[in-house]
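One chain follows as structure tokens, the form predicted alone.
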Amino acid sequence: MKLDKNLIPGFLREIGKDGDVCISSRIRLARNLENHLFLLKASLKEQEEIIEEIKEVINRLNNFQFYGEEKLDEIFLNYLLERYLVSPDFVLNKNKKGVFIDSEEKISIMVNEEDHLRIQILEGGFSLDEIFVRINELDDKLEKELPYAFSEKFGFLTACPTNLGTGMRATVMLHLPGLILTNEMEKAIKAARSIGFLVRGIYGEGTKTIGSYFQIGNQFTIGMKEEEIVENTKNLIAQIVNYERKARDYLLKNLKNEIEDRVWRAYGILTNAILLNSEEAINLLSTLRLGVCLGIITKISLITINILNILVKRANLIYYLKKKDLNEEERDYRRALLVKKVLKKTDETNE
């Protein structure tokens, strides 16, 4: 069973630079409009006015689909979250809100998350430089038509003080099973935090780590230029990529039998299980991904694993199956069946 790459967001359809370790890169900008109260103080009526003002500008860019509250039910919100197109805060808050998403699902602009605007661009692999150019171009277009709240002293004004200044967060999603299996992850986390970086779970702040996936990005946005933030993030990520590869080399040279056993056990469960919940599936696919990167598994591609990593999640599985009425056990059964069919067919055809 072969799956179309279009089932996943555009930034996951190709394996980018350093794609063995770096899943994706993201830059996010926080912006507010000077002619409206921050969201903690804005009435529901004013929140609707903010949406309309921003819609009028972004609709002229001709490359975005807008999803307003009438479309943002619980399942669709989580569908977007699982595809990294909105944040957990956007899903949970009770503001009047909406999101613009481009046709490739690489750009999303959240309206009324914590700030009036959260602009983000994502790309596969380690690609902060390319994203930085694109997001500056987009931000400049919006700033020409939207009155941003800006202070000569503090920079861009934001709801949370940690976002003051540039309002920029540069983040890379990393797959770090080597550091975990060699018990070096805690050391890496402490080192990152000591120089002002945050290490977060699979969906960002306040979310847990699943499948050895971590988001690492800058904590502070004030007192630095945007270029400095990008450069500092690049330097840290390059070091972590190097440490992860050394850890994988160590595992392959010194614990080859144990690692091969772990990888093939994961493959065995994934291709034979009757029931799979989403967290177990992601953890097993993470081990399989390590096996692919180490050359233990040769007929399954990283793109296939990217696709499955999205489709095994609850809301995306519901949308893929077009069945909203499945109970938990039925979802676990259909999830296991999907994974089994894809991996067995891929393994047979080397597609």
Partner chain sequence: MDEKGNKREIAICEECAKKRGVLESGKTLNIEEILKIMLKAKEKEDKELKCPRCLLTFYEFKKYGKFGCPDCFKAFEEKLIPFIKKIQTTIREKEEEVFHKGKKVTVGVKRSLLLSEIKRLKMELEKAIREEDYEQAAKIRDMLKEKEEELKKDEIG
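All figures in this text were calculated on a predicted structure; none of them were measured in a lab. Positions refer to the first chain, counted from 1.
The same protein has a further form, the form predicted together with the partner chain, not shown here; the description that follows concerns it.
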item	value
Listed residue that, although the partner chain is not shown, lies within 4.5 Å of it in the model of the complex (heavy atoms), from Y250, F150, Y267, F76	F150
Residue among R60, K299, K324, K45 with a heavy atom within 4.5 Å of the partner chain in the model of the complex	R60
Location of the partner chain contact in the model of the complex, chosen stretch of 179-187, 76-84, 221-229, 234-242 [non-hydrogen atom, 4.5 Å]	221-229
Partner contact for E105 in the model of the complex: the partner chain, 4.5 angstroms, heavy atom	no
Heavy atom of I216 within 4.5 Å of the partner chain in the model of the complex	no
Any non-hydrogen atom of G165 within 4.5 angstroms of the partner chain in the model of the complex	yes
Touches the partner chain in the model of the complex: F38 (any heavy atom, 4.5 Å)	yes
Whether K5, G19 and D129 all lie within 4.5 angstroms of the partner chain in the model of the complex by heavy atom	no
Residues in 155-170 with any heavy atom within 4.5 Å of the partner chain in the model of the complex	G155, F156, L157, T158, A159, C160, P161, T162, N163, L164, G165, T166
